[in-house]
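Next up is one chain by itself, shown in structure tokens, the form predicted alone.
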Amino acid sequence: MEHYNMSLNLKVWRQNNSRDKGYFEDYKVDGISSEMSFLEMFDVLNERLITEGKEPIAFDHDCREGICGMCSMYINGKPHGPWKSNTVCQLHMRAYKDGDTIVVEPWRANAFPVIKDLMVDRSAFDRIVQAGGYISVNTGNAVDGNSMPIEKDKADASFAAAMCIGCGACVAACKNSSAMLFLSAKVAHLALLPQGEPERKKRVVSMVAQMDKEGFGACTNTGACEATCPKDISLSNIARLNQEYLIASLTADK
């Protein structure tokens, strides 16, 4: 693949905290390699800002391998940028051309208040997961992995749901800021397995209640969440969540 350098015009959202109004600031970056990741391009800009005695741009990152979901941001209005099934840290600058203007913003959702610049507080997701509680299966000593037979289709569906990295792209893409795709993935990956059976009904009711408490919007099935998800979490999980919640609600005291 041909390697080339480029100059880019960046419009980056700057905001001190959730109470601050915030604004776009313009930057020009030169000598950006086509083989850099998007975050490495930000590293170059921040090194320059620090050298100039200016405040660097705050953004989330950790693994930089498409695993943790920390690097979340809008790039030209699209969560995680233009590449499908991709996180920002795995987006490379060859996606852009010399002279391009790139607009970078944090997630826009009431449930994800801005911490600083491109960083948002996604602890609402943590509280939803915590509301699911624990699994009370007594495993005893370590057992053989094949000692509990599970139908392949259920195991595959559970594994696919468990791929969710909690980045929040589904919320960011949804016109209602719904967290249904995230929640459905977390509910489905346990509901499909026998280990998740004991607290199955209590879990889904508690997690849905916490989601509503956090202020996420309602799901209207536009499919924007699935289209934007970097791990291709399926909308079928939302259908499964609705079924789980209905059964749990109808049989809560029975």
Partner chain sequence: MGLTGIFLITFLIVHMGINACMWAAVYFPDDHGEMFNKAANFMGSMVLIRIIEVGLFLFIFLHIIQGYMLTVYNRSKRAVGYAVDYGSKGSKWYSRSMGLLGTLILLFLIIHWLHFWIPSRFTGVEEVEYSGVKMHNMFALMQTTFQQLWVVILYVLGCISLGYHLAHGFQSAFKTLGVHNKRYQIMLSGLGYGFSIVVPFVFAMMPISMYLGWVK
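Since the structure is predicted, the reported quantities are computational estimates derived from the model, not experimental observations. Residue numbers count along the first chain shown, from 1.
Note that the form predicted together with its partner chain isn't included here; everything after this is about it.
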Indicate whether the candidate residues Ser85, Ser158 and Ala162 are all in contact with its partner chain in the predicted complex, with contact defined as any heavy atom within 4.5 Å. no
Partner contact check in the predicted complex: of 121-129, 148-156, 89-97, 69-77, the stretch with a heavy atom within 4.5 Å of its partner chain is 69-77
Ser33 within 4.5 Å of its partner chain in the predicted complex, heavy atoms: no
query = in the predicted complex, does Ile135 have a heavy atom within 4.5 Å of its partner chain?
reply = no
Decide whether Val205 counts as a contact residue for its partner chain in the predicted complex under a heavy atom distance cut-off of 4.5 Å.
no
Point to revise | Any non-hydrogen atom of Cys174 within 4.5 angstroms of its partner chain in the predicted complex | key: yes
Restricting to 93-127, the residues within 4.5 Å of its partner chain in the predicted complex through any heavy atom are Val103, Glu105, Pro106, Trp107, Arg108, Ala109, Asn110
